[in-house]
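In the form predicted on its own, a lone chain appears below as structure tokens.
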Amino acid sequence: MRLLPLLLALSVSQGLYAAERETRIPDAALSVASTLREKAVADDTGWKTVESLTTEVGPRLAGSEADARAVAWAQAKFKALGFDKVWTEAVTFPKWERRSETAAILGAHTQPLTVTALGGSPGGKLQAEVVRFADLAALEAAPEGSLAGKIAFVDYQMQSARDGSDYRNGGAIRSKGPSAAIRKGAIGFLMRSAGTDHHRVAHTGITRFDEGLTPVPSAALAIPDANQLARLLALGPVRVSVALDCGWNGEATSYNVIGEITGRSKPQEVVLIGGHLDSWDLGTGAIDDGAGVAITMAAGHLIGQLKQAPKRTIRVVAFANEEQGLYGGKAYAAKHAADAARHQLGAESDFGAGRIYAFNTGAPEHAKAATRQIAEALAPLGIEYTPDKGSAGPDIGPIAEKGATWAWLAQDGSDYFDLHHNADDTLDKIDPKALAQNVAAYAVFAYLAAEADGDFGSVVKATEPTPAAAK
């Protein structure tokens, strides 16, 4: 009969422990966050920062001379924005270069085609018949050897969505299509750009070739040109010429550039926010990801202007070479794996500059109340709490795999794939008011996470190596 009182006592003690451990955000911090939110909405630091990056540096292909200038720009900008600690961490990767690219329809209907080489493609000159496939599955189902001496053309049209969900199909064609084509005997690969626009601009992006295959020239057609090619193929056989001057050229070293606003009482614990500094070379990398770098730099700057620093350090990272395989994020995770538990929360802005509409974290039950408190502080910005959604951003993913807890601030990507990886990714596509809403959201989120009494569940855990990823 003495067992029941013992069980009751254990139950009560566990409940008290859970209550004591529950992470909460103090009322004083919530009050500061309200003022910070209103200041950020009216502030133009984010706009000035992305204007500076896209104007003074422009496109920033990883490993290029402009990439090096971007690193110097980021160091100087962190210092100018008042970050009290600024440093770099080296990131080494294979260097891919684009030099020239042309394509044309041959024969009776001769005319040029607007194309761009996929990142990772080898150079080469081809003249061959084109075979059209409606999607990746159709290419994969083609008979073995049926494309011998021919060029595969995958003609899948991506659909727009606020969450960009159809990119799983468009991106898969770019990353898996060339290898599938080679297996069927193709000497080249073309695809309808992984995009949702109707402009005559082609979308690039990294591709991969499976081990054991000899890579072939691989390129994306502008969407109007893909339509043109499909119409001509409906009339009969079509031959095209493709000439790509591009390819791998040794190794390059770039840098993750890091700025901090040092915490007042727990400086060794950090709230991590950031974006990636590199971009593709066709536009000026405004929405991908100059905006993300600017949003998070501006958020850190505004927190740094408060009369009192937050308890924990605000760490902003401008990641290196995200576009070609998350190299910066992986390097950061490898270097800081032992400190994963010191990462209070981590969030990345890398889905353009559309308004943020949803928020969540990957925090465990004891931090759900604090997550809800942050969500309530974000609600006046039009942001909804979505407790069953979200995931780590691309460069945050590797440190999240090491045990750091992620946060998710979902941007409206309805038109993101109109601009993604193409020549239209320029400053004029950014809405300054939407950008300021992003800055306000990141400033409020980061400040409140840094001020929380308690943690959000980050731990150090052993993980398998992160596989190479195509963006």
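Note that residue numbering follows the sequence shown and begins at 1. Worth saying up front: this structure is predicted, and the values here are computed from it rather than measured.
A second form of this protein, the form predicted in complex with another copy of the chain, is not displayed here; the remarks below concern that form.
For the residues Pro237, Pro112, Gly382, Gly82, the 4.5 Å heavy atom test against another copy of the chain in the predicted complex is passed only by Pro112. A heavy atom within 4.5 Å of another copy of the chain in the predicted complex is found for exactly one of Val86, Val130, Leu232, Leu126: Leu232. Judged by heavy atoms within 4.5 Å of another copy of the chain in the predicted complex, the contact stretch among the candidates 57 to 65, 29 to 37, 407 to 415, 441 to 449 is 57 to 65. At a distance threshold of 4.5 angstroms between non-hydrogen atoms, Thr45 is out of contact with another copy of the chain in the predicted complex. By the criterion of a heavy atom within 4.5 Å, Leu427 is counted among the residues contacting another copy of the chain in the predicted complex. Looking at His199, you'd find a heavy atom of it within 4.5 angstroms of another copy of the chain in the predicted complex.
Among heavy atoms of Pro224, some come within 4.5 Å of another copy of the chain in the predicted complex. For the partner-free chain shown, Leu282, Gly283, Thr284 of 279 to 306 come within 4.5 angstroms of another copy of the chain in the predicted complex, judged by any non-hydrogen atom.
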